[in-house]
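Below you'll find only one chain, the form predicted on its own, shown as structure tokens.
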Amino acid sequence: MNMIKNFLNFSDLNYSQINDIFSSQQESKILEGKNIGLLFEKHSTRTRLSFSVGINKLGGNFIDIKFQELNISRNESFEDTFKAMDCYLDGLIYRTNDHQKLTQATQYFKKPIINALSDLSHPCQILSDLFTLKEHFGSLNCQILWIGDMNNVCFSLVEAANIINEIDLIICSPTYISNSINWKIGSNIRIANDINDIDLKNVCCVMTDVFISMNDQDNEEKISQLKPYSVNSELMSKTASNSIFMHCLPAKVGFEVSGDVFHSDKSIVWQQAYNRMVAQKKLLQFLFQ
């Protein structure tokens, strides 16, 4: 039985466990007879669908829980709500606007909890993205450029790079954003504030995300300051000849990425999207073995 019970941050895994998840081949019915709750406080397309289908493929049942229909919206306590879920469910996939709720939930729900996105991190996205990178290149020994906002997806990527030393990660973000971040940064991670200061010829993967995340208010000033950090064909032309473009989606084409890049042969965003289901099935097998 694994020591890990919950997957709240990417750092809940170690190097060996990541390799075990990626290399697992078993198409088991490990969730047969189990009921997994999907509790989403925020909108979701890929995460909700990929987990729902993945749970079905593993023989389990998913319960789509409408947060607004729970009695917590009528002043039942957070503690009692999650203790009630613990009575019925075998696992919980939880998307929230406050990471502390995930941590708090583990006190009352004593079965596996998976972070389906919080304001702090999005570990399932990066688990899937790295699986996609390894599938595409054959290894994770590659240079990744993250460009744009340093948001929850970027945080999980940094956590992953802190564990997987073969990743060479460059983050390019405005000074006012990078100076506000207090993350653990490994020796294989560099932060730059000007794309012109980066030698791009060895970059094999360019990653980005929307300028305004779900947790942010619409902010015209932030969008304006991030415009120079958009991924366009000029940037991609300076990267390695076999480079790829990745985006966790949904994308705002014309903002963080130009249409000619998003729809180009270098873009593997739909392979990424499909692999959400593949990687999350592997994660569920790992958590419930």
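This one's a predicted model, so the numbers in the text were calculated from it and none came from an experiment. Numbering starts at 1 and runs along the sequence shown.
Not pictured, yet referred to below: the form predicted in complex with a small molecule.
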query: Partner contact for Val53 in the model of the complex: the small molecule, 4.5 angstroms, heavy atom; finding: no
query: Partner proximity in the model of the complex: Ile147 to the small molecule, non-hydrogen atom cutoff 4.5 Å; finding: no
query: Close approach of Leu89 to the small molecule in the model of the complex, 4.5 Å, heavy atom; finding: no
query: 4.5 Å heavy atom contact, Val210 and the small molecule in the model of the complex; finding: yes
query: Candidate site Leu117, Val153 and Cys248: all three near the small molecule in the model of the complex by heavy atom within 4.5 Å; finding: yes
query: In the model of the complex, the residue from Ala192, Ile181, Met214, Ile163 that sits within 4.5 Å of the small molecule by heavy atoms; finding: Met214
query: Listed range touching the small molecule, judged in the model of the complex by heavy atoms within 4.5 Å, from 136-144, 69-77, 117-125, 168-176; finding: 117-125
